[in-house]
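First, one chain by itself in structure tokens, the form predicted on its own.
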């Protein structure tokens, strides 16, 4: 009942809220999907993915080019962009998920930076427009954009809930705790990691397609910026790594705190925000939800 009332409230927001609040909520919902998508793979398997911007940028480019150069409707361009990055991520996962730890993290950073440089070169300029970027107008209203990303955020959280509480989720957690022991128990660890990796790519890629439609622009430096990788990770740490609702809570708190500090303390907000992050790491290393579970406020179950 409470979930239904919350959804009714969220769906009705564009009918009475100002454009500022709708825009702020769009940003929160997009980063909720980014953080949840990152957490679905990295939070459950323990493989830190520092290449989330690669998922977002490649999908964003694919969908943006379809809209700008081929006049595709956004409704079809978005899923095509997400499917495109999902297919590519299968091959990348087969290669890179055989290495572990810091080597995997560095490989994803290198892949992201290499793709950014490649998309900005003259060799791909006929396709990607090079460093000039791709400006376009998708012809979607702010309210429709909001409802679209709200639906995606809801489905993403639902998928994360189903996976975390499933046998497949247990296999991913077993990989995180001890991959070698998981293999001895008969878990096909490489296959499980690739499935989670591809699913993470699809969800974040779809959010990326919506994100750049909202911005009406994409270029290599914007599409593959490190901000799109680090911010969702910090949001997940804020809410709780490996939890279902932690990324959504982290995205909401992070965005509101950032917005308030930026509006009230423009010259000092980055320093203050950095201090808040340090305090969070010191006193809430498991995030908000992790702390609440540790204190007994919430039950210690995977479904939260």
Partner chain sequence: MGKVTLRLENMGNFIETLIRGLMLGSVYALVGMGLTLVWGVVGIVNIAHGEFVMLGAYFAFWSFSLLHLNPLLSVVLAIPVFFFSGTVIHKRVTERLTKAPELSALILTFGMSILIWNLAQFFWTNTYRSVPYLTGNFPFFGLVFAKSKTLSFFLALSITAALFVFLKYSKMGKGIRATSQNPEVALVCGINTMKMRAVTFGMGIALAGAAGAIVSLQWVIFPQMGASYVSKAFAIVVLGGLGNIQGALAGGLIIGVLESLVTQYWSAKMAQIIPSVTLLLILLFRPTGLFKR
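Small disclaimer: the values here were computed from a predicted structure and weren't measured. Numbering follows the first chain given and starts at 1.
This next part talks about the form predicted together with its partner chain, which is not shown.
- Here the marked residues 180, 194 and 297 all miss its partner chain in the model of the complex; none has a heavy atom within 4.5 angstroms.
- In the model of the complex, none of the heavy atoms of residue 76 sits within 4.5 Å of a heavy atom of its partner chain.
- In the model of the complex, none of the heavy atoms of residue 127 sits within 4.5 Å of a heavy atom of its partner chain.
- Shown alone here, residue 114 lies within 4.5 Å of its partner chain in the model of the complex, counting heavy atoms only.
- Its partner chain is not drawn, but in the model of the complex it has a heavy atom within 4.5 Å of residue 50.
- Interface residue among 170, 199, 157, 230 relative to its partner chain in the model of the complex, by the heavy atom within 4.5 Å criterion: 230.
- The single contact residue among 175, 96, 163, 152, judged by any heavy atom lying within 4.5 Å of its partner chain in the model of the complex, is 96.
- The stretch among 199-207, 76-84, 98-106, 182-190 whose residues place heavy atoms within 4.5 Å of its partner chain in the model of the complex is 98-106.
- Contacts between 119-150 and its partner chain, taken as any heavy atom within 4.5 Å in the model of the complex, involve 120, 121, 122, 123.
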